[in-house]
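Structure 1 and structure 2, given next as structure tokens, are two forms of the same protein chain, each shown alone.
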Structure 1
Amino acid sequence: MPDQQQLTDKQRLTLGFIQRYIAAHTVPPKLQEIAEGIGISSRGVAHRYVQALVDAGFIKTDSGKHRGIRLLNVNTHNNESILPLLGKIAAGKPIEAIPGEDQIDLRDFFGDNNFAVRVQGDSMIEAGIMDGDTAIIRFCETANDGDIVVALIDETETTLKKFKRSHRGRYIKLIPANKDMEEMVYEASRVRIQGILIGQIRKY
């Protein structure tokens, strides 16, 4: 696992801003937003900090995407039993993701690319996922038909649903596990996978 001690103060500041921005918005920041977020005016300097984080193994970048930064280590806490609680997620109609400041002790689900979200709504109750459950998600950007995924819609809204491709991949179906609710269908370009459900916690 990369060691933050190898980073300069500005590089750590940049990494922290990227992590907080993704937690709050579910999408990565642009270079201009990074520059403003760490209190500098130069996008070029911000780009150098980002490239240093790439070289150190904390993030990767895709120059072909508008927001092309990806965290390689979602869990950056020293305590290996802690997962970051990144916010709440809709299990009904899509809602804007809400940033969280909490952590969850979750030894069995620890992993560098795992994170937690709190479920809201009852659209997944027939899959045993109830309102108020904590869903454990493995960060990834692809899914197979039948996977329960965190899906980002139009770069603004997230939801937890069963994933299915249709019309030879031109469309994505996000299917609730509740017979009283209808599936949602979007053009594939409107949907980006944020992760796959690997477990859940329920507190009584």
Structure 2
Amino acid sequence: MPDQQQLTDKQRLTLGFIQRYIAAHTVPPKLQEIAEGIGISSRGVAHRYVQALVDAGFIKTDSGKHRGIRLLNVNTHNNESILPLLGKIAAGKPIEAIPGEDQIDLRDFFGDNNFAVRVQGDSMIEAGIMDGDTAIIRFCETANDGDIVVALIDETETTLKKFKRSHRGRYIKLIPANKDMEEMVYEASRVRIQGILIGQIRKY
């Protein structure tokens, strides 16, 4: 896997310019535009940087073709927990900027009181929580009606369900999000909350 750290400053700048250019124009830039974009005047130098990025595996070129740069599906990463949030996507116009929101901060997920569990089964599928997803849980022993919680039943059985009190708190309902499954009712003393769902993650 290519490593951005191996690039020189100008090579990194060039790669960033190409990505931004494509995101903005939907077509790749020509060498002249790259040169201007990174603050130089020589097409030859721009070509040298492009070639370095090809060698490093970040892009490929349709040799000779005008605007023949393609981004490859490479995966570079760093240690930050903040992602640029480009906008909304839907059936609609090109990605629409969201006013006042330009990044998503996941630091909430990484607190000391949090942990992750792998979800198994389809009991919450109508809440968009699927088999194999990762649920982010905050350690917590109390919950409000409507929270999705990790509940331990009779000290033996753990499950992820929507939480609801009934009979003034004497009973607790654990409600799946799957019409094929039924909600379960327990005496409050049999149920212990282990944590509340605060997030959900899926990797493809």
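For the two forms, the rigid core is made up of the largest set of C-alpha atoms that agree within 1.5 Å on superposition. The first residue in the sequence of structure 1 is number 1, and each one after it adds one. Values in this document were obtained by computation on a predicted structure and should not be read as measured data.
Here, the chain labelled structure 2 is taken from the form predicted in complex with the DNA.
Taking 2 Å as the criterion, D147 does not count as shifted between structures 1 and 2: its C-alpha moves by less than this amount when the rigid core is aligned. Core-superposed comparison between structures 1 and 2: the Cα of S42 travels 2 Å or more.
Relative to the superposed rigid core, K30 undergoes a CA displacement of at least 2 Å between structures 1 and 2. Here the rigid core is superposed, and Q51 then shows its C-alpha moved by 63.1 angstrom between structures 1 and 2.
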